[in-house]
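In the block that follows, a single chain appears as structure tokens, in the form predicted on its own.
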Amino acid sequence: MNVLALLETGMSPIRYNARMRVAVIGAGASGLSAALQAAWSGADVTLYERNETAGKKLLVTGSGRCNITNEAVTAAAYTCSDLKWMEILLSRFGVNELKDMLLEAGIPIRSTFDGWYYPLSESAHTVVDALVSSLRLSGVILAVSTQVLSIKSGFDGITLRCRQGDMDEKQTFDRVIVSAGGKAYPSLGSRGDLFPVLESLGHTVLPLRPALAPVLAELGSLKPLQGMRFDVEASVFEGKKKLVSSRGNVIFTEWGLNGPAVMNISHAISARPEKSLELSLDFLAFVNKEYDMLLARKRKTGQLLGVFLEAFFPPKAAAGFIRKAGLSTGTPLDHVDEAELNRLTASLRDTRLKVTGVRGFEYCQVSAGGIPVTEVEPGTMESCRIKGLYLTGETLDVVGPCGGYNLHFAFSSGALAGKAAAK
């Protein structure tokens, strides 16, 4: 290739055929994955991390057990602006590819009976230790306690201005991968500081908001259930329109509800701060068949209503549900009016709570918003705006449910970016 052709591609003729110099910003899951893959693919890699250690946020995932991925990972499980984009990404780096990458880094994983993957060690600390060790063995320069302040693209590459302590310096790289995360867990270093920089480079930045967050709601007569856990189907309604639903467990708290069932749908609430929303809880979602069968068997008997409902709920909860329906726990089933019994069952299948919002960034597991996926190539994660710039993980507007989906996206998007940047 002659010099003129190189000029037309934006590549520096001096650097042609040399090892690619790659910078990765952020040593979370996606940044660690990107740095490893870039180094394994032959690049000279520098990984910048504003915290004093790498993988700080990764340490708290899966309650410290590190729920890495899920057998059920599919594009349909995620919320983003283009599911076809997600299909392409997952076709390039799915569960098997992630398992292979982790094993290469010395992290064997296994799945639970329901398809949730964890490291054999059951420890997020060992995952971070193995990844950092692999970085060092692969020759990656890990620059901790270093904040990237600006990103500028020029003819000779992409220049970063960085600050470590009181010292500022500039470094120019062939490729730069931004894996700096969103705003979830700001105490662990995710503050969204680079989004204004990305916006100045021509990217759209959607407002950041909490996702996988506890839900604030008015509990009303269900206040006595605080501290109790239930398996439910939770749905968000705006008027008569159901916006989203999820099945799993919830925990009643003094301010509302926590647990995967509501966390999985919290992004739909944070996206509508000015709307009047209701949360519907179906307490029979996991026991519908058993409930109907037992009710048919005991309907014409003298079994007490409270005893019947205690077959499915703890005594305190059963008594609360019965009181809410205006009935008495001591009433025999064959003395309960059909309309009253139908009212109790209907309430169990659709208990409505007024939603008042979600808890803030310090309580959510990921953030929604950021760069739309349509501004990034799904097979390489390269920016459609700036040649040689790659965006991964929570920098992009992607939200998956609890269960390893978000960590899978972080690892997979980072891996694709690292491979592509090293070429």
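Computed from a prediction, not measured in an experiment: that's the story for all the values here. We number the residues from 1 along the sequence you see.
There is another form of this protein, the form predicted together with a small molecule, and it is not shown here; the text below is about that form.
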{"property": "Heavy atom contact within 4.5 Å of the small molecule in the predicted bound form, the stretch among 38-46, 368-376, 351-359, 55-63", "result": "55-63"}
{"property": "The small molecule contact at D193 in the predicted bound form, heavy atom, 4.5 Å", "result": "yes"}
{"property": "4.5 angstroms heavy atom contact with the small molecule in the predicted bound form for Q147", "result": "yes"}
{"property": "Contact label in the predicted bound form: L188 to the small molecule, heavy atom within 4.5 Å", "result": "yes"}
{"property": "Interface membership of G181, the small molecule in the predicted bound form, 4.5 Å heavy atom rule", "result": "yes"}
